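Shown next as structure tokens: one chain only, the form predicted alone.
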């Protein structure tokens, strides 16, 4: 009240204009946040109990439509004390067994939730001191995680499956509790090929992907094969770490790549490549990268695992909101994270970007963040691993998917941070217009003309 009302630097109230001071505003915000979190946690408990009572969601809906929500709540309370369950949940599951952690990542926007959780405080919010360590390539990430130099890591979504099955390394039980992002890749070609938009004209091209066991490899192979190009006979595909891809394109060692962002946008920014097609145009909603940890870590340090996963899912929930994307870009662009110009990262995260051919495209879901690890995603990945000869023999598709992609854990923690988890763990989808039924993986493999099986 003693501020000079004619001083442009003076604040006569709070930032929203509804409180007498910023202090009062902050108190009100904290109270609102606490109330929201309490309501959210109550929903988590209620949802878990209702799912246990009605395993089939159709039965739950029919029951609620028949008796009404109020009657249903009263009936459930007769048999199960919801208030006591909510109170027990609010007390938590115990302190983390280990608070100082190391998590490895590759400097790409697919790792956004894992990276941003460090500078933006999502790890510390859950009682953890996490060091996120920029790593040179996927093989290094895999080896350092297997050697326990890293407690957990940012991995390509097929990697935990490959590690568990012993493809490319000794078999070690591994888990993938959360998908980091969906979409977020593209096929980028060198500028000299801007008139070669038909994949049939790409025979003899040299392509790069980040790793053999990657969605990038499988999507590139799928795209080529659907256009009649054999990825093993008509072109060359080699693994190149993402930070080295643009330099190799500039040096004409490559004709193109299917890469994670911001690699594609950096090629446009440097004037050495153009975006031929976004991966979402091949399969909209496909998984890309993931948060992964050994089964040993998950089972021997359950409280630490829960806190770490909750921090990442919390960050993912923040990243799903378009209005937060520019703030996130500023947080993860610096040298110790992505080491990219902020404008490059912004173009990827906001979906408003230059395509390298003189146009500005607007694709808001060029990259998105949805942590649920659908088991049907794992089954599709396994079909492609078998299609291209990376694994052989009889595969228990559903069993491996359930063991590695921890859908139940993700569903619980998604609800805790305000996201709505699916009620099922599998779903059907289409890749380039071809329907995929996770219940019929062998039929799916047999349907392809170009394959190594």
Partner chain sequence: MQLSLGLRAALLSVLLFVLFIAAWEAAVSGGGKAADLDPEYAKLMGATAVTGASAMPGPGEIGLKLWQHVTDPFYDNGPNDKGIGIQLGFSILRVLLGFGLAVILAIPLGFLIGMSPLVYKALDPYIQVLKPISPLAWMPLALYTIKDSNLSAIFVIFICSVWPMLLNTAFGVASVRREWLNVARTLEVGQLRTAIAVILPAAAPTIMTGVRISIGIAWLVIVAAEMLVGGTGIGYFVWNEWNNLSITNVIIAILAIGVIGMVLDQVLGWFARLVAYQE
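The term rigid core refers to the maximal set of C-alpha atoms that superpose within 1.5 Å between the two forms. Since the model is a prediction, treat every value here as computed from it, not as a measurement. Numbering follows the first chain given and starts at 1.
The discussion below concerns the form predicted in complex with its partner chain, not included here.
**Student:** Using 4.5 Å between non-hydrogen atoms, is residue 356 touching its partner chain in the predicted bound form?
**Tutor:** Residue-level check for residue 356: yes, a contact with its partner chain.
**Student:** Applying a 4.5 Å heavy atom distance criterion, does residue 251 contact its partner chain in the predicted bound form?
**Tutor:** Close contact is absent here: in the predicted bound form, residue 251 is far from its partner chain, nothing within 4.5 Å, heavy atoms only.
**Student:** Using 4.5 Å between non-hydrogen atoms, is residue 232 touching its partner chain in the predicted bound form?
**Tutor:** Flag for residue 232 set to no.
**Student:** Is residue 243 part of the interface with its partner chain in the predicted bound form - any heavy atom within 4.5 Å?
**Tutor:** Although its partner chain is absent here, residue 243 would touch it in the predicted bound form, with heavy atoms inside 4.5 Å.
**Student:** Is its partner chain in the predicted bound form close enough to 239, 330 and 445 that every residue in that trio has a heavy atom within 4.5 angstroms of it?
**Tutor:** Checked in the predicted bound form: no contact with its partner chain for any of the three.
**Student:** So its partner chain isn't shown here. In the predicted bound form, which residue out of 124, 299, 336, 320 has a non-hydrogen atom within 4.5 Å of it?
**Tutor:** In short, 336.
**Student:** Name the single residue among 284, 97, 143, 365 that comes within 4.5 Å of its partner chain in the predicted bound form, judging by heavy atoms.
**Tutor:** It is 143.
**Student:** Partner absent here, but in the predicted bound form, which of 284-292, 196-204, 104-112, 309-317 has residues with a heavy atom within 4.5 Å of its partner chain?
**Tutor:** Among the candidates, contact is made by 104-112.
**Student:** Pick out the residues of 270-295 whose heavy atoms come within 4.5 Å of its partner chain in the predicted bound form.
**Tutor:** Residues within 4.5 Å: 270, 271.
**Student:** Superposing on the rigid core, is the Cα displacement of residue 138 between this form and the one not shown 2 Å or more?
**Tutor:** True for residue 138: a C-alpha shift of 2 Å or more.
**Student:** Superposing on the rigid core, I want to see if residue 275 changes position between this form and the one not shown - specifically a Cα shift of 2 Å or more.
**Tutor:** Shift at residue 275: below 2 Å after core fit.
**Student:** Note yes or no: does the Cα of residue 284 move by 2 Å or more between this form and the one not shown after the core is superposed?
**Tutor:** Comparing the forms between this form and the one not shown, which are aligned on their rigid core, residue 284 does not shift its C-alpha by 2 Å or more.
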